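Quick setup: one chain, the form predicted alone, written in structure tokens, and binding and motion questions come after.
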């Protein structure tokens, strides 16, 4: 087993671990980031609804909450960050639908609250203007509270871009590396992983749903988190023009939400049903799906269940469910020097930029010396997205590499050239390709392109097709060749 040394070890390759790594790469600091999965952003990050919000229309955002501070500080940082990293970002605005005078009165109070907090831009939209902005919303809506600041991103691509830029600037990254144990010594930690031990002076615990587990390894039980499970459904891209804004409506039942939002890739996402759940249970049920669909039809009545192409469940970690999802964990341990734990819950992606900066400041207070890295390069260029290029650009790309003329995924028009580029950027699994290129995210959910992607991965990685996995570890897609069952392998 290998033995490594570093100044700062970041545990977790979700959006929070990734943004801390990128912030630390501004400085001459030796950093290693470890992620237990085969790729980045596969935990709570990928179950995000893509929304960059500021919370002016919800009661849970209050100035006394640390989470609110991080979200508000992050709002002006997100767009320039995405521009530097060449990550899709789109400002869509938000419409909170109002159905009656009672709701209108509540939203008047929320608007006043937002203005007192310095959250600008909120305005009421009357029914006629609402119809012009969103002609397909329910006729029950008599008005809406509009926030022009709300935006959407791709949280997994943002995470991957942060990691890639951090790596370009000197951060060492290790995937499929799970922390098994941590020993605390006088001035350092000894971190045992499945790939060897790592000695470090500082630890940033950004382990997502495992953040408590990592903290307990060094008896740093400074906080207790509660897992909250949510359901998200994805609608066919051919409905992408149905709405232009993120739209939500106050739920009729407690413990639920009712949101419909565009995504940067054209699909619509809807989310509902927030409730305490058993950690690690990512299952969805027909009952939860029906609740979600019934709720979203209160926003757009003409939707059909046939429009749903995929759904998933994910977890948010909250500090205290009983009194609300108010607070986050971004703190130096009171018991263990040089250990920083971070977990935002909702909305982690929105709060990420400011969280990265705050964690660096916490590390400085804990004794980390920070000297500016004069060679730091903030620019990361993404690979070409074939279906977003003009005809002339597509022809030029194909003339340079004919593999861009071979469409692998029909639903999303993903080419062989894009899949190969993703492999060369260290995508080694089917899901790694999916989140980088969207091959398999269309209407057929990989029914057409999966065999072709497996073949390309096999060829480019120099592995038999039976060794290709969906998401690493034991998730093989092909167990054996057909004729092996007949004893006629050849």
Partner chain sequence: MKFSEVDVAVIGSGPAGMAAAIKAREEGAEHVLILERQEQLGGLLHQCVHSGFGLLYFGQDLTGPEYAHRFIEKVRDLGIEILLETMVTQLSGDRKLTAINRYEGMIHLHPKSVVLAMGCRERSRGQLSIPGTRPAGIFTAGTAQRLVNVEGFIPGKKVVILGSGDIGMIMARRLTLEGVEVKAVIEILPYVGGLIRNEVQCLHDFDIPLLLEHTVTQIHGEQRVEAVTIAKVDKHKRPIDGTEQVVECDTLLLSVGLIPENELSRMAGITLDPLIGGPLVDERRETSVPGVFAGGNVVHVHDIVDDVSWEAEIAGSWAAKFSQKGDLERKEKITLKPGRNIRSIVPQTISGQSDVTFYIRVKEMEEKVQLKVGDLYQRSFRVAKPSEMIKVDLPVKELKKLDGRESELNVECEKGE
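Residue numbers count along the first chain shown, from 1. Since we're looking at a predicted model, the values are computed, not measured.
Absent from the display: the form predicted in complex with the partner chain. The rest refers to it.
The stretch that touches the partner chain in the predicted bound form, counting heavy atoms within 4.5 Å, is 283-291, out of 167-175, 352-360, 283-291, 204-212. In the predicted bound form, the partner chain sits beyond 4.5 Å of every heavy atom of residue 421. The partner chain in the predicted bound form is approached by residue 413, whose closest heavy atom lies within 4.5 angstroms of it. With a 4.5 Å cutoff on heavy atoms, residue 386 counts as touching the partner chain in the predicted bound form. The partner chain in the predicted bound form comes within 4.5 Å of no heavy atom belonging to residue 109. Just one of 181, 120, 123, 402 comes within 4.5 Å of the partner chain in the predicted bound form, counting any heavy atom, and that one is 402. This chain lacks the partner; the member of 426, 30, 465, 460 within 4.5 angstroms of the partner chain in the predicted bound form by a non-hydrogen atom is 465. Taken together, the three residues 443, 447 and 483 all come within 4.5 Å of the partner chain in the predicted bound form, as judged by their closest heavy atom. Along 467-483, these residues reach a heavy atom to within 4.5 Å of the partner chain in the predicted bound form: 470, 471, 472, 473, 474, 475, 476, 477, 478, 479, 480, 481, 482, 483.
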